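Only one chain is given next, in structure tokens, and it is the form predicted alone.
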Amino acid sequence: MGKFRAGVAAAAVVLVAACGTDATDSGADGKIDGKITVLTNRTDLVDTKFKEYAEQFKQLHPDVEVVFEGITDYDNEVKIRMSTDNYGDVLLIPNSITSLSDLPDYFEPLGSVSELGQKYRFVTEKAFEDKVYGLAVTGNAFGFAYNKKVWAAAGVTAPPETPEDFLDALRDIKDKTDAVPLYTNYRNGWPLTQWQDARGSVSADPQVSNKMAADDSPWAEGKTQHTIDSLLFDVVANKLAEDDPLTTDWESSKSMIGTGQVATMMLGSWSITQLRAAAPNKDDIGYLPFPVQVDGKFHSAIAGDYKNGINIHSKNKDTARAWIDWFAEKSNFATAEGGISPLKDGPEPDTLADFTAAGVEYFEVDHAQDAVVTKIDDAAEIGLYEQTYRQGLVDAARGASGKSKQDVFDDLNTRWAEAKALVTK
């Protein structure tokens, strides 16, 4: 793995356990016993791997019963349930909670940033006023999943170092193979939000988010947002993506990249395990850094995935806390899923062997000004992590909206500057 410079399933809800916090324990009494309910988005694992985890935990704490509630539409359903006290004892903090100041209303504090930061990565991502409210279940790096065999058939055997080199590589794939050079997953939409996570790769700067909060023109030429969105626009405008973006399908795309029908997709490193599982030969699936180098090196921000938190209304907080600690430190979930361990001294995932070979340098982004960025983004009605933002960019690139790239960027800069002035006045 490269250097660490610093510091999603089935169609129906799988109800594994009865809802509610019907624990037999009576709260924070120091005893690790009783029943806890754990909410998870991993409906594909609640009847298999998670049951094994519960058995392993029970071997340490024989008087404990851990039951799981798998929820398909996790963020939306849990967000609704959080208007009541009935949202399990342990749950993945929904991504819909974008205001960190809301965390104390729903979750039990786990410790200070300085204390937990000695052992764990990603502790600032769900923290407020120096208190941490969630521990990551796994972590991700960011880049492009690709089919090594297809890229090699096109004569490209080294990671492109510039956006121009990347476009040339996609042109070679289009000319010399039958593969779609880059698959946007436009119709499903959410995969397009993954492009925003490339900001660390382009900037190589832990302050990239804080700087955006103070920037009046993030889409000016040479800046991080301009580089990311220009690459996506140019890929589509040069007809290096799928012919009909309205018919893309995420589930099918997993096997399409494995069989070489698709050459490249922008996805977090969480995807590598899934793509390899869907491929006839898992070794054909590799991972490329974003094609920008700073000081002669590739970079990638790393970030935590969902964070396990404790329902502030739980009647069995001691056992809930013991589960969270055990899951982060002993379950080996992150490694099994091909992710980056939440432990600073955790094992390195073999899924990122390509990043290691390319000398990718990792770092965590400082999130101190994320709340400001979110307020500006909301006021500007851009949606940096909303699929409609980059679907609009793809529409412009394919000539469906009548807007040029400069039209799009000028509009984004204007809206951002006006919203920033309103939010920070």
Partner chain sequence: MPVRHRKRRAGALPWLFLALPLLLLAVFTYIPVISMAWYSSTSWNGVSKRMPFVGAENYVEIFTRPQLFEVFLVSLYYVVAAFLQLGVALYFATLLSFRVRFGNLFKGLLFFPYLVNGVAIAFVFLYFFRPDGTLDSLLNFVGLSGHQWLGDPDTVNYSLAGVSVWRYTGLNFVLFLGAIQSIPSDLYEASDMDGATRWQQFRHIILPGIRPVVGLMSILALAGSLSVFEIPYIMTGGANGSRTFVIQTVDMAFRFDKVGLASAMAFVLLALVLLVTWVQRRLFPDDRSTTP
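Numbering follows the first chain given and starts at 1. A quick note: this is a predicted structure, and the numbers were derived from the prediction, not measured.
This next part talks about the form predicted in complex with the partner chain, which is not shown.
J.: Among 105, 247 and 378, does every residue place a heavy atom within 4.5 Å of the partner chain in the predicted bound form?
T.: Every listed residue reaches the partner chain in the predicted bound form, so yes.
J.: Of these, 169-177, 350-358, 269-277, 183-191, which stretch puts a heavy atom within 4.5 angstroms of the partner chain in the predicted bound form?
T.: Only one stretch passes the 4.5 Å heavy-atom test: 183-191.
J.: Please tell me whether any heavy atom belonging to residue 79 falls inside 4.5 Å of a heavy atom of the partner chain, as the geometry stands in the predicted bound form.
T.: Residue-level check for residue 79: yes, a contact with the partner chain.
J.: With a cut-off of 4.5 Å between heavy atoms, is residue 129 one of the residues that contacts the partner chain in the predicted bound form?
T.: Residue 129: no contact with the partner chain in the predicted bound form.
J.: Hey, in the predicted bound form, does residue 243 get a heavy atom within 4.5 angstroms of the partner chain?
T.: Yes, residue 243 is a contact residue.
J.: Using heavy atoms and a 4.5 Å limit, would one call residue 400 a contact residue for the partner chain in the predicted bound form?
T.: Residue-level check for residue 400: yes, a contact with the partner chain.
J.: Please tell me which of 114, 157, 162, 101 lies within 4.5 Å of the partner chain in the predicted bound form, judged by heavy atoms.
T.: Contact with the partner chain in the predicted bound form is made by 101 alone.
J.: Given that the partner chain is left out here, which of 65, 44, 366, 395 has a heavy atom within 4.5 Å of it in the predicted bound form?
T.: Of the candidates 65, 44, 366, 395, 395 is the one lying within 4.5 Å of the partner chain in the predicted bound form.
J.: For the heavy atom contacts within 4.5 Å of the partner chain in the predicted bound form, list the residues of 376-396 involved, in sequence order.
T.: Contacting residues: 378, 379, 381, 382, 383, 386, 387, 388, 391, 395.
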